[in-house]
Every structure is written in C-alpha cells, then in structure tokens.
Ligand code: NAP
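Only one chain is given next, in structure tokens, and it is the form predicted on its own.
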C-alpha cells in the first residue's frame, strides 16, 4: 500500500502538484508526538509534503480557528489533521467543524460523519477503514458474515459500524453496558475490538476459526499490546491481527490515501464552482 501511495503521489507531481498535509499539534502530549513522527516518516517515504504547526498548550480556540481559515483557503494544502486530544480550554467541536470537509482527512467533520451514515462518498476515519482494508487485502469475505464489534468510541467503533454495514455484514455492537460480553463475542465470525483495555479478549471468548481484528493499542511497562490477548486467542482464531504491526500499520497509510482522495474532491468542487 505504501508503494501504491508513492505511485499516486508521483502522478500528482507529474501534473505539477505536490500533495501537502497540514498537521496541527497542540501541547506536548506524548502519544500525539509519536503519531506526528509516524506521519512525518511515511510522508517522507512516499513523497508527500507535511507542514507541522505547533501551538503551546495554553492556546485559545480562536488562534486555532484563525490558522484553520488560512489552511482552508490555501489551495496548496490538500489535507488537514488536528492531533487529539486538545487541552480543555479549546472547544474541540468548534475546531473540528471549522475544518473544510474536503480537507478533513481524519473524517471527523459533521458533514463527513453524515456521509458515512448515509452511505455516500466522503472522507472517513483511517483506523476503522484499516480494519476493513486488512480483511480485503487478506481475501477475507465480509458480506453476509456476523461481525461483532466490541467498542462504540467516536473515532473507531461508531464509524466502523457503518463501514461494516456498507460491506453487507450483519453487525452486533457491544460496549461497557453489555451484559455477558463473552456470549456475543463467541458468536462472531469476525470479531473487532476497539476499547482501549489491554488483553480484554481471552481465548475462551472467541469462536474457533473466527477472524479477530484488534484495533486497540495500550502502552504497558513490557511494551505495546492490543485489546486482545494475542497469545491466548491465536490458538483459537482462524486469523488474527497483531499489535503492534496490524491495524495500526495501515492507519497512517490510509490517512495519506485520504489526502489523495481529498485533492480529487477539491478539484471537483472547484470545477463545479467554476474557480479551478
């Protein structure tokens, strides 16, 4: 997929366009810094430019909105990412809603959420898209199968529900109020887990031969692990993603694929408006 992305970026370069991603970092949250470095490394590998804008943790909402207005109106910027979390004094919803929907490569703008809900084309979050892509690249059928999703979070679980429905899966959603979680997970032909609880899913909770997709990432003293107890579940599952090295390894690639999709959408929008 990195090779495909590099070819796509090169095609735009041949047209005189250098794909450009703007990343806004607020404060010094350790996890956000890791994600920014990951984006920088991949952009360098595939030939996409990344502009990093750093604000102090004391920044006010209006300062971020001023920058977003400039980036929205800059035709040389094709994608915008706000690294989350934002400090409490910043109005997260105002900030997200102020990103141009056709530059919102994280798929967080209310309009893109609506497109996902209605089954229309838009820019959608990279992590749930990676959950789908990793199955497709592995030639694992989704249509008609019973998919059980553990987790209903805003960035992974909820978007994944509608992505799975679009793929014609039969979807069951479990969450913190679900009684007898194991009863549902043992029914899954494809089990997705995205809750942020280390090694929550044990071997006895998985149907023999099931496909297990772990979208969790947890930092422990011994290193990074997922929401699935990999060693225990690996013996039962028919296929399983690892953490690290599974869904997370695709997420940044799919974010940059969204940059390619975004510039196409921006060109189409300008053509409709007669401003291209």
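Residue numbers count along the first chain shown, from 1. All of these numbers come straight from a predicted model, not from anything done at the bench.
Note that the form predicted together with this ligand isn't included here; everything after this is about it.
A.B. asks: Does at least one non-hydrogen atom of residue 150 fall within 4.5 angstroms of this ligand in the model of the complex?
C.D. replies: So residue 150 counts as contacting this ligand.
A.B. asks: Can you check whether residue 96 is within 4.5 Å of this ligand in the model of the complex, heavy atom basis?
C.D. replies: No, residue 96 sits far enough from this ligand in the model of the complex that none of its heavy atoms falls within 4.5 Å.
A.B. asks: Using a 4.5 angstroms cut-off on non-hydrogen atoms, would residue 248 count as touching this ligand in the model of the complex?
C.D. replies: Contact with this ligand, yes.
A.B. asks: Even though the partner isn't displayed, in the model of the complex is residue 49 close enough to this ligand, meaning a heavy atom within 4.5 Å?
C.D. replies: The answer is no: residue 49 has no heavy atom within 4.5 Å of this ligand.
A.B. asks: Given that the partner is absent here, state which listed stretch (197-205, 162-170, 100-108, 86-94) has heavy atoms within 4.5 Å of this ligand in the model of the complex.
C.D. replies: Going through the listed ranges, the match is 197-205.
A.B. asks: Give me the residue from 154, 141, 74, 121 that has a heavy atom within 4.5 Å of this ligand in the model of the complex.
C.D. replies: Spelling it out, the residue with a heavy atom inside the cut-off is 154.
A.B. asks: If you check 42, 36, 217, 232 against this ligand in the model of the complex, which one has a heavy atom within 4.5 Å?
C.D. replies: Contact check passes for 217.
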